[in-house]
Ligand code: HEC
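We begin with a single chain expressed as structure tokens, specifically the form predicted alone.
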């Protein structure tokens, strides 16, 4: 085998063809399962799409590179389940474009972080991580107190709707208004928001100040939604597949 490889290296075109063949086999192994994904990955019946505010927070999460240090996938290993909670199911990420499973954990996994800490804790942690975790090496994000731009949210929802996320026309049209509505529980708009998204999404001033909508509102809303969009993770695998 080594002699064959040595001789192949002497023929440039032969080596190129060999590389293409090897890469094609590897690619086929990775791509082929995607053709059966509809049969192998079941969409949880109670999976809800992210609200416009949570979606805006997800974009900020990606913009700031949070995914580079935090994964969002609990493996089915005993020590991971003990630390982070129930292991992740593929169906939980059915509406994620792109998915943010990740593999590097400079910081802890965030797949089950929703509801684990208070909004105030998240705000303090994002502004100055060492104020709540003295040994943290996470950078500070003081600029997140700036106002959140919502003009492009309808376009974001419309794009995701084309990819299969169940946003209807009313949700898309009201996306820019629903983002601040979710952070102002006493406003009339909060009632309209609840009509579109139901009672499950949290409606509150995530950064503690309902008078203005900030990037902190969006990012904290997103973090608090992680692991709460469906309850499938608490269902035995056999039952979840039905």
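Residue numbers count along the first chain shown, from 1. This structure is a prediction, so every number in the text was calculated from the model and none was measured.
One more form of this protein, predicted in complex with this ligand, exists but is not displayed; see below.
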**Request:** Would you kindly say which of 160, 171, 113, 94 lies with a heavy atom within 4.5 Å of this ligand in the predicted bound form?
**Result:** 113
**this ligand: the contacting residue among 190, 202, 205, 66 in the predicted bound form [heavy atom, 4.5 Å]** = 66
**Prompt:** Since the chain is shown here on its own, which stretch among 162-170, 146-154, 86-94, 123-131 would lie within 4.5 Å of this ligand in the predicted bound form, judged by heavy atoms?
**Reply:** 123-131
**Message:** Does any part of residue 219 reach within 4.5 Å of this ligand in the predicted bound form? Heavy atoms only, please.
**Reply:** yes
**Message:** Quick check on residue 78: any heavy atom within 4.5 Å of this ligand in the predicted bound form?
**Reply:** no
**Request:** Would you check, heavy atoms only and a 4.5 Å threshold, whether residue 197 touches this ligand in the predicted bound form?
**Result:** no
**Message:** I'd like to know whether residue 138 contacts this ligand in the predicted bound form, with contact meaning heavy atoms within 4.5 angstroms.
**Reply:** yes
**Prompt:** Quick one: which residues from 88-117 get a non-hydrogen atom within 4.5 Å of this ligand in the predicted bound form?
**Reply:** 106, 107, 108, 110, 113, 116, 117
